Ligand code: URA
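As a starting point, one isolated chain is supplied in structure tokens, in the form predicted alone.
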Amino acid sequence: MNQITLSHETDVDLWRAAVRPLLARRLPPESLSWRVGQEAPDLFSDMAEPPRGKTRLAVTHPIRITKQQMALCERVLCHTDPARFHHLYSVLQRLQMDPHALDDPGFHSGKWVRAADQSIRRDRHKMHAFVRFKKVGDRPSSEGAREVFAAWFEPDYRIVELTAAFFARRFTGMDWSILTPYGCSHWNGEILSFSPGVDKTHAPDADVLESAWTTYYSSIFNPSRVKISAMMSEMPKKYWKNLPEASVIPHLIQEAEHQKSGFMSAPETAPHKLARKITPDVYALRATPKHITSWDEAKQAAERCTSCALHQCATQTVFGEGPLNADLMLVGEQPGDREDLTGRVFTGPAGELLDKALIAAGLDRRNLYITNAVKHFNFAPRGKIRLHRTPTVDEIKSCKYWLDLERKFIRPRVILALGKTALRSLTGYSAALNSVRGQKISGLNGDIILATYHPSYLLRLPHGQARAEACRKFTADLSQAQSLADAPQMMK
């Protein structure tokens, strides 16, 4: 009988050094006896004391132990069952001849090692999750005072050394000690050390931080996700006595039932506008009137327009807004990202610049009818961002029907085209905008059409003299349009 004596229960280095020559000689597990210090041998040893002295072992077989297998052994050595040495040696010996030995359901030691490893992993996870530090003082250092914390935990197995590196990485900025019956780990900001286990009388008392932690835990407790059975499975009651938040959990669970009832009885909230794109189009069942006789009918019909492909991706139709007897109409290009979500014209960055220019020109937006040549947002997706795209000629022609209806029902005296797209929709003119800017163009309804820059064009100009000059011209064009609309000879 060969006896191997380890210095302590998790003596990985000595165990590894002893196992390799034994495996090389293919010694059967039954011929080995394991003991820790002066403790009695395990169940697989004969009780006779073997002769002491060094024995030279003849290596007759090559040995191969992978990193994964060694890591498995280090974990299972943390188990409390004395038979762990026998089972681990049996597994390693079998693996030398059969690399799939652990998958054999008939291999008893393999089944035991797999189950033990699973238990150790679970216990390690629980320790990572349920250790709660309490402040016990401060320690002076060259960098100033360092806070000192301590925690008491009762693991099922000897996993203190197995978990210490995790806590050193996570709580590197403070000094701490984790006390357990199986051993203690300590960190001083530089060195990780270990000491024998202690009883619960050494556990730290409550500290001032516990009330703050309890308040924080209560604030993040999500009643809509409470599952009592899952909570009890993942956080067994054996850990509650060391958790500060355990005192409020019953109350939070009780409150969760009341809040859940409140959620169920609360009135339904309005769906997001984007939800229209994933629900059946109920408007498709309503036919567009052949003869639209009012602005309201035009707006309702435009909301279910499918004349071009833009309606498939845009959130909604963005129709014009303003008084229906307005003397001055502003026509932009198309809705932007913010307009597409809000359903209102010129509410994005270009709208903010327009509002400032209107104030500078002495105009009141509430007296203007503002719309766009194209009623749906035309964009190219770039991840989560929707980038503006210039409407095509076909899209401009498709939306001209709605713009003509707006002109018909508003009957403005003056129309100011903001940008080239609006000018093309109103007049069919496709040349450079600067060539007609400031000139009066007669419309089909007896109105006057003027052209100026689109506010988004001004935003794209670099800051400097060129941008300042363009903004000055834009403000002057707004003033000119208002002056023409106020002229007596333009009376309707």
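We number the residues from 1 along the sequence you see. All values reported here derive from a predicted model rather than from experimental measurement.
The discussion below concerns the form predicted together with this ligand, not included here.
Among heavy atoms of L179, none comes within 4.5 Å of this ligand in the model of the complex. Using a 4.5 angstroms threshold between heavy atoms, E406 stays clear of this ligand in the model of the complex. Within 4.5 Å of some heavy atom of this ligand in the model of the complex lies at least one heavy atom of E339. Within this chain, V345 lines the site of this ligand in the model of the complex, having a heavy atom no more than 4.5 Å away.
The stretch in contact with this ligand in the model of the complex, judged by heavy atoms within 4.5 Å, is 326-334, chosen from 299-307, 171-179, 110-118, 326-334. Put simply, of L363, I410, A350, V160 only one has a heavy atom within 4.5 Å of this ligand in the model of the complex, and it is A350. Contacts of stretch 9-28 with this ligand in the model of the complex, defined by any heavy atom lying within 4.5 Å, are made by none of its residues.
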